[in-house]
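Read the single chain below, which is given as structure tokens and is the form predicted on its own.
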């Protein structure tokens, strides 16, 4: 199952889609295909329905948080030093915008092949953290998209029942994000042992409040 071939087939069948192969340098070499959100549902249907692919089962959906980060790179610039033009090396720093991802692992029960890894990426982590739901294509994605919505904060547009699945409705944060700060409420911890016990004592003594 050649990822380049599948990418070319999708591009020929789904007009206007933007695809990118994301390499995986680990021993598994489980490379993935990043698809733009606008064409994600059409691409998903192609992967499910194409007679030679038939990715009819979505086994797993997970979220990934990629926070904003500063990137430093060395560049060479020309400057006038002591009246002479010289090439010098400087460090240029840029800020990369953070984003969230939903990663789908697909298999074909009919054709007995897989996994095929499909990635969807939000525009950012806050105001534009929306992706189309793929639950209408693979029903097994329903609860897993709800879990990602709950823990990472991705809003899956078109999901049949998008609501929290682990945290309570009034909870305002997303515990799986990398910048999540856990609340200081350890006085209610029913099994306060070891590290949790220490935090509870600090809370009771007003430390870190």
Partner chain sequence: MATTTYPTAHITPKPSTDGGEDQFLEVSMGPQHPSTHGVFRMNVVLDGERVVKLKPVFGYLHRNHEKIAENESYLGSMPYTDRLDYLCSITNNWAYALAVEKLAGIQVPERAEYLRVITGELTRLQNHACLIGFLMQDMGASGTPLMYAFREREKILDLFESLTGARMMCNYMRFGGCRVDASADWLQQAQKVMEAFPRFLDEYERLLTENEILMARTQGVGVLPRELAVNAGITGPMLRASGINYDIRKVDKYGIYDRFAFKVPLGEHGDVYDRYMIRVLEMRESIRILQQAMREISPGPIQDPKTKIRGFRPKAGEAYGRIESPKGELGFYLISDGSPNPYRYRVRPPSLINLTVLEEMCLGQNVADVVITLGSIDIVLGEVDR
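Residue numbers count along the first chain shown, from 1. From a predicted model like this one, the values you see are computed outputs, not experimental measurements.
Just so it is clear, the following notes concern the form predicted together with its partner chain, a form of the same protein that is not shown.
Q: Taking any heavy atom pair closer than or equal to 4.5 Å as contact, tell me whether residue 37 reaches its partner chain in the predicted bound form.
A: No, residue 37 sits far enough from its partner chain in the predicted bound form that none of its heavy atoms falls within 4.5 Å.
Q: Is the gap between residue 156 and its partner chain in the predicted bound form 4.5 Å or less for some heavy atom pair?
A: Judged by the heavy-atom cut-off of 4.5 Å, residue 156 is well away from its partner chain in the predicted bound form.
Q: Contact between residue 120 and its partner chain in the predicted bound form at 4.5 Å, heavy atoms?
A: Result no; residue 120 lies far from its partner chain in the predicted bound form.
Q: With the partner left out here, check for me: in the predicted bound form, does some heavy atom of residue 45 sit within 4.5 Å of its partner chain?
A: So residue 45 does not count as contacting its partner chain.
Q: Counting any non-hydrogen atom inside 4.5 Å, which residue from 176, 50, 41, 162 sits next to its partner chain in the predicted bound form?
A: The option sitting close enough to the partner is 176.
Q: Only counting heavy atoms and a 4.5 Å limit, does any residue of 103-126 reach its partner chain in the predicted bound form, and if so which ones?
A: 103, 105, 107, 108, 109, 112, 117, 119 sit within 4.5 Å of the partner.
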